[in-house]
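There is one chain below, alone, in structure tokens, taken in the form predicted alone.
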């Protein structure tokens, strides 16, 4: 297997056959540790063992992986049935299909009866680039957030993803993990923190603007916050990896201190992280002004992911311009 370190700026290929990216090993690392630690893990995938990050787990425990073929809805229903037997099923699939195509099965087969099914929705947001709008997952948070009993987590890098998966060990009810394409830059050092479901991670406090971000935008937001603070500004950053249940206390604390709350997400501004924060601020009015940044309720363009991040101002340069505008 070939290890690729970085995606070319001009490349839109999501992966080459036989390539393994470092981040795509981390879901398997967590599944191995959970299973060997006593959790009855069963991984299910609609023919995406390698691109979904299950390869290492499959190579070590092939009898714990079920390849269901291209039948996502049946895969979710099968997982719900397995959960009733005491197993802990992990369903790995493309987020656009897992969250939207399987929404009915997640709602009625899994969430309604609070089955302990875990979902790994990979290639979220614009990660699929040239594969098109049908493969872009910019509505998955909104589609799942309104389903009762669902927990939604959007890790910002592979180390946080590993920690978040390990945090599921004794957690009751279904969880949807919103993960990238295995190429997110590192935000957290391996083993440097523990992940608590429902708690934000505060990188820094700020009086002018507090950025609340999740997933891929956390890394560029962190770089922007550091740069602006070095210039004498006061910019805070909350990594709101758990979108549901939201860390309400962290939002209210930031809103009580900052002039502006700026949410940044690789998702439609409707129904996602920004909407969740808006609901909290509307019910607890304070002095902060809220600005939501993400996909402006449109079907995203098709192109290389790096170009799309630039177009939608989700890369470092774009986020810097959005923060500077927010401070005016």
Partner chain sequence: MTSTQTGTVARNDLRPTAEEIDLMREKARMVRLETIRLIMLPKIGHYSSVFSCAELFASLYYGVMSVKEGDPDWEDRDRFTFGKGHAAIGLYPILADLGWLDKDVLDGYCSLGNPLGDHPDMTKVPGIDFSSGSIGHALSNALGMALGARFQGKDFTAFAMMGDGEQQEGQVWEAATAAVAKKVNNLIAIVDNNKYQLDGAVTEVNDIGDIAGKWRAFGFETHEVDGHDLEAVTTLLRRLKADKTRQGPACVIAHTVKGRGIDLMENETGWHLGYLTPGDSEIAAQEIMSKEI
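Numbering follows the first chain given and starts at 1. Owing to the predicted nature of the structure, the values given are computational and were not obtained by experimental measurement.
There is also a form predicted together with its partner chain; it is not shown, and the following applies to it.
Exactly one residue in 109, 253, 139, 208 has a non-hydrogen atom within 4.5 Å of its partner chain in the predicted complex; which is it? Here the answer is residue option 109.
Which one of 223, 113, 146, 134 is close to its partner chain in the predicted complex, taking close to mean a heavy atom within 4.5 Å? Partner contact (heavy atom, 4.5 Å) among the options: 113.
Can residue 78 be called a contact residue for its partner chain in the predicted complex at 4.5 Å between heavy atoms? Taking the distances in the predicted complex, the answer for residue 78 is yes, it comes within 4.5 Å of its partner chain.
Please determine whether residue 246 contacts its partner chain in the predicted complex, using a 4.5 Å cut-off between heavy atoms. Outside the cut-off, so no.
Under a 4.5 Å heavy atom criterion, is residue 192 part of the interface with its partner chain in the predicted complex? No, residue 192 stays farther than 4.5 Å from its partner chain in the predicted complex.
Partner proximity in the predicted complex: residue 82 to its partner chain, non-hydrogen atom cutoff 4.5 Å: Yes, residue 82 lies within 4.5 Å of its partner chain in the predicted complex.
At 4.5 Å by heavy atoms, is each residue in 63, 66 and 104 next to its partner chain in the predicted complex? Spot residues vs its partner chain: full contact, yes.
Which one, 48 to 56, 290 to 298, 66 to 74, 268 to 276, holds residues whose non-hydrogen atoms are within 4.5 Å of its partner chain in the predicted complex? Stretch 66 to 74 is the one.
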